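Consider the single chain below, provided in structure tokens and representing the form predicted on its own.
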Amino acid sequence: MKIVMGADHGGYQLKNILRDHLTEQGHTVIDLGCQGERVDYPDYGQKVGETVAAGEADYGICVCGTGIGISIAVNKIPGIRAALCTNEYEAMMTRRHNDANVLVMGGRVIGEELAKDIARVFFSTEFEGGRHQKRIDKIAAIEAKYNR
């Protein structure tokens, strides 16, 4: 699986931990930065979102201090369904029901072992489709309406 990652200075340590862990698990990881310098989270959310939307990666991971700001930013990219997850259940359900393609976490609020567990569940859970596809289609219609 090819995973693209991006973080601001509040999330770069957790991003690096996840990058190394996912690489050890056999995933191909594209690290778009940052490397610890003070940066603005919208820039990295945009980079990750554009990479996933273009099909250059299967999924993305975004990390900022709380996960909130970068989540807002990456969700502005058409075709992105990013979910801020704080536990394994949220990770499982957002994949099953929302077909989320970007996982978001807060580097200052999630411990590294929990983050690894959240990522494991997110990347191993399949979208259920069925009745949930109708809802994804409605989200896409809203997106299309406002992105003319």
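All values reported here derive from a predicted model rather than from experimental measurement. One-based numbering along the sequence shown.
There is another form of this protein, the form predicted together with a small molecule, and it is not shown here; the text below is about that form.
Which pick from I68, M92, L114, A54 sits with a heavy atom within 4.5 Å of the small molecule in the model of the complex?
Partner contact (heavy atom, 4.5 Å) among the options: I68.
So in the model of the complex, does Y41 come within 4.5 Å of the small molecule, heavy atom to heavy atom?
Contact check for Y41: yes, within 4.5 Å of the small molecule in the model of the complex.
Can you tell me if V102 lies within 4.5 angstroms of the small molecule in the model of the complex, counting non-hydrogen atoms only?
No.
Is H9 near the small molecule? Define near as a heavy atom within 4.5 Å, in the model of the complex.
Heavy-atom contact with the small molecule at 4.5 Å: present for H9.
Any of the heavy atoms of C64 lying within 4.5 Å of the small molecule in the model of the complex?
Contact with the small molecule, yes.
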